[in-house]
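This document starts with one chain, in the form predicted alone, laid out as structure tokens.
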């Protein structure tokens, strides 16, 4: 592993997150818990200037509108000029034409270094259209792991990025290597914004170094293992306290925890 959590805590990267208004606060809390520093500026009049101050940029189209898309494109251009990493979450891609076209525009114009979505979003952007997408929630996917892996590898190669697809299992690929993460808990789906918060974590990790694949795998493991720890603290369906314990777990996780608790495999 890459010592990612220690890197985040020692470097305290500033993440400029243009997220959605439903989950912006939770993303900021997750970044603070992990040891990073959030900035949630989304006005197009200062998006580029704000990005010049940041160490990474996180773009999330969960509640997209004309202003937020314009802000993302301006911020993305500034990130490219400054040569900082962009993490993009194509929330709801495939659900509506606006979301799909906006995601495709961001992919084409900004070429983000990391693209993280749920499995149905990522497969839809990869060209598989017979995936049921229920808005921002992961839809129904019946494909085998080897087909998913090859599809995501092709996406990563085409877009020159790390591709991350979350779901019952999480996939991370750089176009060559594919890691499948088996950690996690279904309770992560019971709290609004855990996927968005993972994207913010991915941006914090991306800001710390060059081994991008390992850094992103660590970010995925961090959220998944924190969920496993949080669920041991609650009774059945305690969604509110689960969210609190999730933040606590991320704040207390160490790289040794990732090494000892991480359950993942590499597919050939």
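Computed from a predicted model, the values in this text were never measured in an experiment. Numbering follows the first chain given and starts at 1.
Another form exists, predicted together with a further copy of the same chain; not displayed. Remarks below refer to it.
**Q** So a further copy of the same chain isn't shown here. In the predicted complex, which residue out of 231, 212, 40, 225 has a non-hydrogen atom within 4.5 Å of it?
**A** Filtering the options by heavy-atom distance leaves 40.
**Q** Quick one: of 191, 110, 125, 149, which gets a non-hydrogen atom within 4.5 angstroms of a further copy of the same chain in the predicted complex?
**A** It is 191.
**Q** Using heavy atoms only and a 4.5 Å cut-off, decide whether all three of 25, 50 and 244 touch a further copy of the same chain in the predicted complex.
**A** Looking in the predicted complex, the three residues 25, 50 and 244 all sit within 4.5 Å of a further copy of the same chain (heavy atoms).
**Q** Of 152 to 160, 174 to 182, 114 to 122, 94 to 102, which is the one stretch near a further copy of the same chain in the predicted complex, taking non-hydrogen atoms within 4.5 angstroms as near?
**A** Partner-contacting stretch among the options: 94 to 102.
**Q** Classify residue 248 as contacting or not contacting a further copy of the same chain in the predicted complex by the rule of any non-hydrogen atom within 4.5 angstroms, answering yes or no.
**A** Within the cut-off, so yes.
**Q** Does residue 258 make contact with a further copy of the same chain in the predicted complex, using a 4.5 Å heavy atom cut-off?
**A** No.
**Q** Listed by sequence position, which residues of 46 to 63 have a non-hydrogen atom within 4.5 angstroms of a further copy of the same chain in the predicted complex?
**A** Sequence-ordered list: 46, 49, 50, 53, 55, 62, 63.
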